[in-house]
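Listed next as structure tokens is one chain, alone, in the form predicted on its own.
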Amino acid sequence: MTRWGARAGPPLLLMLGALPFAFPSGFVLTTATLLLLTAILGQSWNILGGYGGQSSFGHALFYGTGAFTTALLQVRFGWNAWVAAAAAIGAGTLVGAAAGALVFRQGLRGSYFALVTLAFAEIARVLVASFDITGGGFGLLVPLHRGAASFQFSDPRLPYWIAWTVVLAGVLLTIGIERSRFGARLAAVRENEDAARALGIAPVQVKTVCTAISAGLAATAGVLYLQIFLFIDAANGFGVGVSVQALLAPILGGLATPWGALLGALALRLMAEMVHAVAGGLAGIDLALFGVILILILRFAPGGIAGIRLRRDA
């Protein structure tokens, strides 16, 4: 027997990489771009929730930090887009490290950790919506300055391929974690913290590093969203919907697997587009659908799409 995800993941990624040749612009390319961003965000949650065993309900905190930091640095302080993007990813990583150190040193785990991360994201959303420098209730709009130096390309395929490259990097990162000594320590902490501590592993340190890595990847997704769509507000950056997509993609695709986030993001995007086509006028219908999907997955397919097993060919 072999896992279906290991077979389907690489061809799917290759097809997504070639998709802009068939659809150089328009609705299909935009939808595929959102799919890739969801896959990046989902992979970030997979690192913390799947490999680290720490379920976060507030991954929007890191995503929004990346998006708003790069927007602020460009709009308010006139920074170059590439430098602002690098600083924003660093800021997201630092926020993840700080949040992890603060929470884990208090011994919080499980549902307590999940609720605290949700609270952090909601606090950030309220604060961002309350100050003029962050755009208040309207948000921040990045001025249009076409050119590679501004991270704004006239060919929409270029930012798509950048997002595709980050998805590939995320897959390679998770494979590297699986095969590394740090990954072994992370697995030991996930399975039994007390036993890991008895073996000389520092659970707080391991979980904090894992959170920082996860946060940096989530911030990267936020940076790419801002640079591609040139707008961000409190709801799009720190809203509950962002955190829901972050956790649902790897759970649907398969936790603690390199390809699960990508497979889950594809399934989520296809279902979301179908729902919008049928009942797009109903507010909150997508979140309701995501909740139903999550319940069904946990009940009938806890291993996700990537966990489906196929017989080896004779």
Partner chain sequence: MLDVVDLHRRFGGVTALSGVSIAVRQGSITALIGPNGAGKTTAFATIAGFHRPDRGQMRFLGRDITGWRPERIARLGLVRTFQIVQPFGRLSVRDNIAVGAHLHLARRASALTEAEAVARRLGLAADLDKPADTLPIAGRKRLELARALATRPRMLLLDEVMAGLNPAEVAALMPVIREIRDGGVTLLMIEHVMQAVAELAERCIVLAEGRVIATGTVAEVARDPVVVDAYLGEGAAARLADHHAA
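Positions refer to the first chain, counted from 1. All of these numbers come straight from a predicted model, not from anything done at the bench.
Below: the form predicted in complex with the partner chain, not depicted.
Chemist: Give me the residue from Ser111, Ser180, Gln106, Thr165 that has a heavy atom within 4.5 Å of the partner chain in the model of the complex.
Modeler: Going through each option in turn, the one that passes is Ser180.
Chemist: Counting any non-hydrogen atom inside 4.5 Å, which residue from Ala198, Ala148, Leu115, Ala98 sits next to the partner chain in the model of the complex?
Modeler: Checking each option against the partner chain in the model of the complex, the one that comes within 4.5 Å is Ala198.
Chemist: Looking at 202-210, 167-175, 73-81, 127-135, which stretch has residues with any non-hydrogen atom within 4.5 Å of the partner chain in the model of the complex?
Modeler: Selected range: 202-210.
Chemist: All three of Ala267, Glu273 and His276 touching the partner chain in the model of the complex at 4.5 Å, heavy atom to heavy atom?
Modeler: Result no, not one residue of the spot touches the partner chain.
Chemist: Within 4.5 Å, heavy atoms only: does Val244 come near the partner chain in the model of the complex?
Modeler: Val244: no contact with the partner chain in the model of the complex.
Chemist: Looking at the partner-bound form in the model of the complex, is Leu141 within 4.5 Å of the partner chain by any heavy atom?
Modeler: No - in the model of the complex, heavy atoms of Leu141 and the partner chain never come within 4.5 Å of each other.
Chemist: Find out whether any non-hydrogen atom of Arg157 is located within 4.5 angstroms of the partner chain in the model of the complex, and reply yes or no.
Modeler: Because no heavy atom of Arg157 falls inside 4.5 Å of the partner chain in the model of the complex, the answer is no.
Chemist: With the cut-off set at 4.5 Å between non-hydrogen atoms, does Ala87 touch the partner chain in the model of the complex?
Modeler: Ala87 lies outside the contact set for the partner chain.
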